[in-house]
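Shown below, as structure tokens, is a lone chain in the form predicted alone; questions about how it binds or moves come after it.
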């Protein structure tokens, strides 16, 4: 076996972005340590990689204090080169019904992970965290990285923001570089949540007499495909950064896609014939941000631009769905 290039820790490895990342990382002969507890991630997303000699998977609930030290035995005297922290609650509605969901699955996973890895860092260790545009709340126009992210209107956004804060202090105190990526709505092949996931499941449910869509269908948001999100992060972390903590809004800076457009694309995909009902509400749920647009000037200036429009990202993700 060739010498491993890097030791990389991926939390949420069985999720949509995590499994896409694993697919790209494993072929480079990196030693991958994957963590997931399958709250949202799916076992089939990583099944074909389980037999790989350079992939070590651990079913660990990061929301609890980590007692499993087998990972450190695996590392022995080695340190972690990159940490991709993708594990978090991504079901915003669940977090609104129960604030403990976001506290446990977003903030505590971050807090416990940082304590878990602090003795296994080196001077070049990079920490990557996928945050969200939700940290900005319902600010509709041209949100940039200089605007204080203090207006979150959901528990989901608040715990992402709290995670950003603790990563910032951890990065400074431990002399490592961290990268905070504030993502738009992400779609892709191995969906575990979101509008496409929810609506396609409803369309596949023969017991449903009609399709109930949350909100009036006019909600319009930017979307990016998981494959491009990963490509953008790779590009960014391989650039020279002087600061310990680096924030980026990433995604396609366009007008987004309406929910009604997504419903029509799915309707054609599934040849759906039942009635579609919309609510007389601007928001899909309390805390939903029906329309927003944020500036991607900083990431564009660095040299990266997303090639897929929001519509193209949605269309590609729907094409990848299995009927």
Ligand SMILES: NC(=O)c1ccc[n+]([C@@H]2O[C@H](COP(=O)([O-])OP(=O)(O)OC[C@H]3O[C@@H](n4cnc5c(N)ncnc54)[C@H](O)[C@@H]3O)[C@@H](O)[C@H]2O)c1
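On a predicted model such as this, the values are computed, not experimentally measured, just so you know. Residue numbers count along the first chain shown, from 1.
The form predicted together with the ligand is left out here; the points below concern that form.
With the ligand left out of view, the stretch that reaches within 4.5 Å of it through heavy atoms in the model of the complex is, among 154-162, 204-212, 75-83, 169-177, 154-162.
Interface membership of residue 38, defined by any non-hydrogen atom within 4.5 Å of the ligand in the model of the complex, is confirmed.
Contact annotation for residue 22: none of its heavy atoms lies within 4.5 Å of the ligand in the model of the complex. Using a 4.5 angstroms limit between non-hydrogen atoms, residue 17 touches the ligand in the model of the complex. With a 4.5 Å cutoff on heavy atoms, residue 33 does not count as touching the ligand in the model of the complex; it lies far away. Comment: the ligand is not present in this chain, but in the model of the complex one of 249, 246, 192, 200 has a heavy atom within 4.5 Å of it, namely 192.
In terms of contact with the ligand in the model of the complex, the residue from 253, 185, 219, 125 that brings a heavy atom within 4.5 Å is 185.
In the model of the complex, the ligand lies within 4.5 angstroms of at least one heavy atom of each of the following residues of 102-134: 105, 109, 130, 131, 132, in sequence order.
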